[in-house]
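Quick setup: one chain, the form predicted on its own, written in C-alpha cells, and binding and motion questions come after.
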C-alpha cells in the first residue's frame, strides 16, 4: 500500500534500550528502521530517544546550506517540547523508506522538503511526547491532565514537584503501545515554529567540525583528478603519461570510460601531474555544437509551426487592438557551487562505500552499482554536507567516475574536480528562446496572449536517469529512455511558469518546441521558472507601458482580488515605496509563483557611467507557515543574489562542442561590493508551508530588466543583460 505524506504509522520497538518511534514514508514495511544499526536495516524513518536522554533524528533530505536540518529539527522539537539544539541529527541512509512522498525518490529538490514532511515530522514529535507522558503516568500514578512535557522532561502540571527526564522514562515507554490519534499543538501554543531563529548546524560549520564531501579521507586514501574530453560525447583515443608518471607523489595514470585518471598522494601532486599528460580524444560528431548555431536553430524554430500546445484558451478580446510582440533569449548556465564536485570510494568485498555530498543518494547508489555491476544493496552511500547544490548535485557523474577509478586502483580514492572541471563539465540550465505576442485594446484590455518557447528538453535527458534509479535493475535502458521521450514533447520543466500564467487575459496560448542539443542538461535553481519568469514578467511590463498604466496597477488589474500575487505585490510595493524612488534611482517590478510560493520583487538601481548599479532589492514572499524566519529571509536573499549574478554575467558558450568558460574570472558571480541592500517581507499565513529554496530566484532578472528600462528607456530581451 502506498501512503500519502499525511499518513503516519506509529511503531514502538526495543532497540538497544531505546524508545524508537518510526514514521512511515512509503509504505514499504510496518517495521521501524533502527537508527545506528548496520545489520537491521528497515524501511522506516524515525526518532530515537536513548536512556541517557539523547534524542536523534534522521534527516531524509540533503543539507546544502538551505537550512533543512534546522527546519526539520524545529518541527520535531516543537511537539516534543525540546530545545532544537538538544536534538542530534544524522543523514538518513539510502533506502526507499526515505523517498520523497511525492517524487518517489530520495532526492532534495523542488523546494519540497518542509512542505512534504511538515505533517509527518510534527506527528513524530507529538507521538513521542504522548508516549513518554503515558510512561510517566504509569510510573507516578498521576492522571494525564496532571502532567505535561517541558524541556526534555515530564513534570507535574500543578507544582512541578514531579520531574522525570525523557531518558529515565525510556525503559517504561518502550514497553507501551504507541499513542495514536495525537492532537497537534495549535498555533497559539507554538513556541518554536515561526520564532526559532538559530541554525542547529551553525556551530559545526563555524568551527570546522562539519564534514563536507571534500573533507572525507578514509585510511590509505589517495587523491585523483580526471582529464575529461572537452566535448561531451568523446572518448579517450590515446594518451602519453610518461612525464606525469615520473613526478613526485604520483601513484598511477590510467584510462577509464570517463577519461584519464591521475592518482597521487594529494590533490596538488595529482593536478600538477595531470598537466603533463598528453591525451587524444575521439573527435566530436556532427550536430548543434556552437552557441551561434544553437541560437540560429532556436530562431528558425520560432519562425516555424512545429509546436506542441501546452495551454490553449481561445482569445475573446477585440481583434483590432494594438499587436505587441517581442522575442527573448537566455543562455546555458552553470551551477558553480562553491564546493567543487568530489566523491570518495572504498571497495568492499561485495561492492563499495561512497562518501559524497549528494542531492539524490539513491541516484548515486544506482550509478555506483552500475559501474561495478553489483546489486544496489552492495553499495553504501554516506551522504555529507553539501557546499552548495542548486540542482547540480542531483546528478551522479562524479560518483560514477570515482567508482570507476577505485575499480581499477583497488584502493580507497578521492576524486576532486577543479573549478575548471566544474564549469566545463556541468549539467547545464538549457539555453531557451521565447516569443510572445498579445493585443492591447484602447482601454488597456489584453487579449490573444500567445507564448512560444523553444529549447532543449531537460526531462528528456534527466528523467531516464531518475527512472533508472527507481525501477528494478533488470529493466533495460531502452525502457527508462522512454520516460524522457514521453516528457520531451511538452516538457513541464521547460514550460513551467509560462503554462500557469496567473493573469486574467482574454485568451492564453502557450506552445513548446523541443530542440535537442548534445549538451548535458540538468535542473538549475528554479528550473524552468528561471527563464519563463524573465520572459513573462518582462513582456507584462511592456504591455503595461503600452497600455499607459503603472506596472503595479496593470498587474493588479489582471490578478484576482484574492490572489496571493496581489498580496505580495502590495507588500513589496509598500516596502519599496513604489513609484517614489529617491532622485537618481529607478525601480523595476516582477512577481512570480513557483514551488507553491509566490514572490514579488522590486529592484532599485542607479546609473553609473551608463550602467546599472544595484542599490536595493525589496522582496515579499508568501510561503505559507514560516518555520524559521531567518532561514526564509536568507533563502530569499541567496536566491536573489544567484539570479542577479546570472542576469548580469551568467553565460556558458560553446565552440566546437566545448565550453569556453572555466572559472569565476569568465563566469562571474556578484562580488560582495556589488550585492545591494535587501529587505525581505514575510507574509503572515496559517496555510501549510511551501517552498523557499528556489522561489526567490525567478523574479529578480525581470525586475532588474524592468528597472533598466525605467532608467534608460531601452528594453532588455536577452540574458545576460546587454549593457554596452
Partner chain sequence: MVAFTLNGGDVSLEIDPQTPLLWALRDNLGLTGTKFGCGMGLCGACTVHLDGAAVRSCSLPLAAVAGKAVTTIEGLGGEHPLQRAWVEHNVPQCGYCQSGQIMSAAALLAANPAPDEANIRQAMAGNLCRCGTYHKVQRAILSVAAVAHWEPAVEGEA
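Keep in mind the model is a prediction, meaning the values are calculated, not measured. Positions refer to the first chain, counted from 1.
The next section is about a form of this same protein that is not shown, the form predicted in complex with the partner chain.
Asks: Please identify the residue among 307, 232, 89, 417 with any heavy atom within 4.5 Å of the partner chain in the predicted bound form.
Replies: Flagged contact: 417.
Asks: Pick from 144, 205, 191, 485: which has a non-hydrogen atom within 4.5 Å of the partner chain in the predicted bound form?
Replies: Selected option: 205.
Asks: Give a yes or no for residue 110: in the predicted bound form, does one of its heavy atoms lie within 4.5 Å of a heavy atom belonging to the partner chain?
Replies: Answer no; every heavy atom of residue 110 is more than 4.5 Å from the partner chain in the predicted bound form.
Asks: May I ask you to check whether residue 376 falls inside a 4.5 Å heavy atom distance of the partner chain in the predicted bound form?
Replies: No, no contact at 4.5 Å.
Asks: Contact between residue 543 and the partner chain in the predicted bound form at 4.5 Å, heavy atoms?
Replies: Heavy-atom contact with the partner chain at 4.5 Å: absent for residue 543.
Asks: According to a 4.5 angstroms non-hydrogen atom cut-off, is residue 334 in contact with the partner chain in the predicted bound form?
Replies: Answer yes; at least one heavy atom of residue 334 falls within 4.5 Å of the partner chain in the predicted bound form.
Asks: Determine which one of 346-354, 150-158, 380-388, 592-600 lies within 4.5 Å of the partner chain in the predicted bound form, judging by heavy atom distances; exactly one does.
Replies: Looking at the partner contacts, the answer comes out as 380-388.
Asks: Residue by residue through 618-651, tell me which have a non-hydrogen atom within 4.5 angstroms of the partner chain in the predicted bound form.
Replies: Those in contact are 630, 634, 635, 637, 638, 641, 642, 645.
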